[in-house]
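Read the single chain below, which is given as structure tokens and is the form predicted on its own.
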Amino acid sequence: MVKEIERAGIPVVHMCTIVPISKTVGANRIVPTVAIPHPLGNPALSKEEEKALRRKLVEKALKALQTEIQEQTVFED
């Protein structure tokens, strides 16, 4: 689905825990996340720490949306 949305001219960020799968399905902008059971959080963190973690991931995804790319790109830390 990611490829079809991008083909329509809308940039997409695929946030995932397993980057090789995202590459295989053809995602162009990939943001690695935390863990399979909790991709956008960590229940072991305090409420404030988890909020900061989620904000960091969303900000990274927004930056990826604004970045011109020529090939599949993984946006690491």
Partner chain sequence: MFKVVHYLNQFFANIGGEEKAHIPPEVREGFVGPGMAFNNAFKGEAQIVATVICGDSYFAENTQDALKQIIEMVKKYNPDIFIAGPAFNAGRYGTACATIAKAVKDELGIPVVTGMYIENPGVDLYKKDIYIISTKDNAAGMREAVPKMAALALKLAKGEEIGTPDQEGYIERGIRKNYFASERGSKRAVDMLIKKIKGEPFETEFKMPIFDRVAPNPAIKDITKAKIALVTSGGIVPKGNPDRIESSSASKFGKYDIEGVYDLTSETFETAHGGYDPVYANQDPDRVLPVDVLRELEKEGKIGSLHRYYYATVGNGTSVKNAAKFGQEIAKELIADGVQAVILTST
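Positions refer to the first chain, counted from 1. As the structure is a computational prediction, the values presented were derived from the model and not from experiment.
The next section is about a form of this same protein that is not shown, the form predicted in complex with the partner chain.
Val74, heavy atom within 4.5 angstroms of the partner chain in the predicted bound form
No, Val74 is distant from the partner.
Given that the partner chain is not shown alongside this chain, does Pro32 nevertheless sit within 4.5 Å of it in the predicted bound form, heavy atom to heavy atom?
Taking the distances in the predicted bound form, the answer for Pro32 is no, it never comes within 4.5 Å of the partner chain.
Going through 1-32, which residues have a heavy atom within 4.5 Å of the partner chain in the predicted bound form? Please give them in sequence order.
Residues within 4.5 Å: Met1, Val2, Lys3, Glu4, Ile5, Glu6, Arg7, Ala8, Gly9, Ile10, Pro11, Val12, Val13, His14, Met15, Cys16, Thr17, Ile18, Pro20, Ile21, Lys23, Thr24, Val25, Gly26, Asn28, Arg29.
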